[in-house]
Each structure stands twice: as structure tokens, then as C-alpha cells.
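Below sits a lone chain in C-alpha cells, taken as the form predicted on its own.
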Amino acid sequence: MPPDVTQVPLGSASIEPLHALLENAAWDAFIRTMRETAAQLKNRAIWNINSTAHGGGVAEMLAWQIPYERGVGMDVRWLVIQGGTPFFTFTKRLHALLHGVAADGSMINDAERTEYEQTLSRNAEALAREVRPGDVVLLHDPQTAALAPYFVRYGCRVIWRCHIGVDQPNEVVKGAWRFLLPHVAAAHATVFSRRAYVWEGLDQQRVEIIPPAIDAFAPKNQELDGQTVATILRTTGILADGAAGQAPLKVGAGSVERTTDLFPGTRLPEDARLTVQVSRWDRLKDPLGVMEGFAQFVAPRIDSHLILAGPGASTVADDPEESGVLREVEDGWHHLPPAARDRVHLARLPMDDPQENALIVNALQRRAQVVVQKSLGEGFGLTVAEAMWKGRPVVASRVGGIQDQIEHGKSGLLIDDPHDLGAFGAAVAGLFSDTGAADRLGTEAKRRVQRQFLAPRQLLQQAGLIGRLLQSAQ
């Protein structure tokens, strides 16, 4: 029996506030394209299909993107596929293989292939109850790839969007491509975040490059003054001198009332200088390396505290490894030198209310003196753009889309080898020592995000692609 797929409820949002981010000529082109695509859709819907409604960059992107599209008259909806633990265990391993990591072996066995294809076949039956021939289906990432041939046969215009990739694919990566290629090649268009990520064997005429972006007006990126930042962090229990989890704090349309789970349980001093990394508990984000690099090369020189912030354990539906990674980091904390251990904190952020979670992330990034993203691999890494938009100096690995966002020495600092803990620590410590340089990097970082990584550019590119596919179907 096919599973019951989940439709994520979403409202509409006016795109008028985006005008403030664009020059008049750019705004005119943007609004014209959005309205033309809405008119082309007529009675058709656009269906975004992915594997989770909460946690991770894709879910966050859809949560702001779809309301803007609906606000201009497009019928855009969001469905989440269902699967058991074996399915998500395999797709998590597939994610690692696509990054060149083969901890459990590089071969995809027959049992995994069968689980993957049968799970998505069952989902296709359930999805067909909602989707109609002629609709546009936008599939996200490897978890959904095997749905592409089904919806092409069903009479939909199909786009498969890959949010992950590597700059120099090895044989492990290419093996994962070969597994997915027969499914993906059926799509009318494939979308990648970077040109370097485009797979061998795809029809290049069907490939589009659309880097992701952030919404300047979303709770995670909206402007917050220093007093509001401090109050949010006190209310959720990160900074001292607050009553965590008691009186809800209203911030715009959202509120903060749930307590962040700190490890160790001691709150940070009110005047602490902060180094912050925000990411899922994922080995590719290298939280252990961040912690060890900070303990060895930053803590002995600089009086900063490190916060590694991520989701509360077992809250991201499509990531069964999350809890295990968190346990590894907690165990690593116990092996740090005592003096450094006192200044390293793991923060498991509440996830029950996405707006609350976003406000806490916003406050953490704004309160940080330095934001880091020492990933070993990264599809794009929008936590970097989020921090840059807030005018923070960022130290990050020269991997994936991070290197598209940061111009080294101008709008942030890039570490050529993410395993080089000494270089990482020196870069972080240097920004604390030279606050003038840190301020200059932060100022230019915000300018760069405004030029290249805000919502209007991504909305414009995607609307243009959908419009061309609808035109070619006539």
C-alpha cells in the first residue's frame, strides 16, 4: 500500500519588500518575469518534493521561496516523501558517496537498490493522488531522483535539483552518479548550484546553474538590534542572567520561549566573546575538527568561547546518523584540555517551532565576533551567506559553494586545507586580534551577499527556467 505523503502547509507572502533590495531596473525585470511565469502556469501547479519539512538547507529554502511564488499568483505546493529507516540510512550513505566519502564501502548493493526504488515507487503512487498531468514537478536531491522518470511518463514537466556536489569527483562519487544517472537523465531539466558539480553523462542542454540564496526578511536573517540579540540568548538559556524557558519573548511575528540544551550545562558569561559554527551534526561539517582546532590554536591565545550549534538530536527526519555524530562530539569534548574545555559549548537548539529556531540562530550569528564553517565538504553552505549578511567576518573551508560566497581576504577568510587545524586557528585568532580587519571583512561580506545571494536572484532564475519549460511543452 502506498504511504501517505505529507503536504506542508504554507501561506503567501508579498514580494513588494524585495524591492528594497534591488535597483529599479532590476526590480522591473524581476517582477515582469515572475508575473509572466504565473500567467503561463494557468491552471497548473508547481510541486516541490523533498524528504523532510524541517532541518537542512532545502527545507529552509522552500519555506521562504514558496510563499513569495504564491504571493505573485503561482500555485506552488510542497510534498514530503515517506520512507523507513533502511531507506534513509541508504540515502544518507548515498549523500556521503556523492561527497566522495565511502566509510561503509563504495558499492551500492542489490538490497539497497531495491529498497530505494521500491520506496520511491510507493511514494510515486501516493504523489499521483495529488499531482496532475501538465503540472511542474520540482524534485530535490538524491532522495527523490527515482521519481523523475515516473512523472515524465505521467505527463509533467520535471526538474531535478541537486543541492550537493564536489569540486573534484573521485571514483566513489562517479559510482554514485552512475547509480542515479538513469533516473535523473529523464528529467526535462537538471539544476546544480555550481558548474563544477554538473555530472558526466547528462545532456548539457538540459542543465541549469542556479546558486541558492537567502531571504533577507526571514526570521533567520531579519535585522535585530543588540538588545534583542542579548535578550533572545538569555531567554533560550545560552547567556547568563536570564530566566530560560519562562516568559515568552516576542520578536516580530515569532517568539522565543524554549530552552536550548547546552553541553556542558553552564551558561556563557554575558560578556563572552564568541566564535560560532551553526550546522547539522554531520561529519562533513567537522564539528570535532572545529572543537580541536579551537582548543589547540585559539583558546591558548584568545579569550573567546566556542559554540557549536545544531539541531536538537533526532529532530531531522532524513538524517539517522545525527545522534551518533553528536555523541562523538560530546566524547571528544571530554578529551580536551581542561582550560579549553571550559570555553567549548555544544548547543542543541529547539526545533519545535522553526521560527523560534531561526531567531536563535540569527541572534547567535549576530552575537558572534567570528563565525566559522570548517566543512570538509559542502554543497553550498548558506550558513556562510547568512553570517555574511549580518556583517560577520567568516573563516571557512575553501570547499564547494563556500568559495563562491567568500572572496578570500576581501569578504572573509578561506582555509585551503580544511584538515589544517593550525591554519584554521590562526585565522580565527587573527580576527580577534585585529578587530579593524574583522570589521572591514564583515562590511564587505554584507555587500557581497546583497549583490549575489539574496532571494530575488534565485526566484528570477527559477521562474525563468519554469517559464521556458512550459513554453517548450506547447
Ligand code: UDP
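Source: prediction; values computed, not measured. A residue's number is simply how far along the shown sequence it sits, counting from 1.
One more form of this protein, predicted together with ligand UDP, exists but is not displayed; see below.
Asks: Given a 4.5 Å cut-off on heavy atoms, tell me which of 169-177, 330-338, 74-82, 271-279 is the interface stretch with ligand UDP in the predicted bound form.
Replies: Comparing against ligand UDP in the predicted bound form, the contact stretch is 271-279.
Asks: Can you pick out, from P311, G237, P287, P142, the residue that has a heavy atom within 4.5 Å of ligand UDP in the predicted bound form?
Replies: Contact check passes for P311.
Asks: If we define contact as a non-hydrogen atom of the residue within 4.5 angstroms of the partner, is E386 a contact of ligand UDP in the predicted bound form?
Replies: Contact check for E386: yes, within 4.5 Å of ligand UDP in the predicted bound form.
Asks: In the predicted bound form, is there a heavy atom of ligand UDP that lies within 4.5 Å of any heavy atom of N357, even though the partner is absent here?
Replies: Yes, N357 sits close enough to ligand UDP in the predicted bound form that at least one of its heavy atoms falls within 4.5 Å.
Asks: I'd like to know whether D215 contacts ligand UDP in the predicted bound form, with contact meaning heavy atoms within 4.5 angstroms.
Replies: Output for D215 is no: heavy atoms all beyond 4.5 Å of ligand UDP.
Asks: Is G430 close enough to ligand UDP in the predicted bound form to count, meaning some heavy atom within 4.5 Å?
Replies: Because no heavy atom of G430 falls inside 4.5 Å of ligand UDP in the predicted bound form, the answer is no.
Asks: In the predicted bound form, does each of I46, E125 and C156 have a heavy atom within 4.5 Å of ligand UDP?
Replies: No: no residue has a heavy atom within 4.5 Å of the partner.
Asks: Scan 49-74 and note down the residues that get a heavy atom within 4.5 Å of ligand UDP in the predicted bound form; none is a fine answer too.
Replies: The stretch touches the partner through G57, E60.
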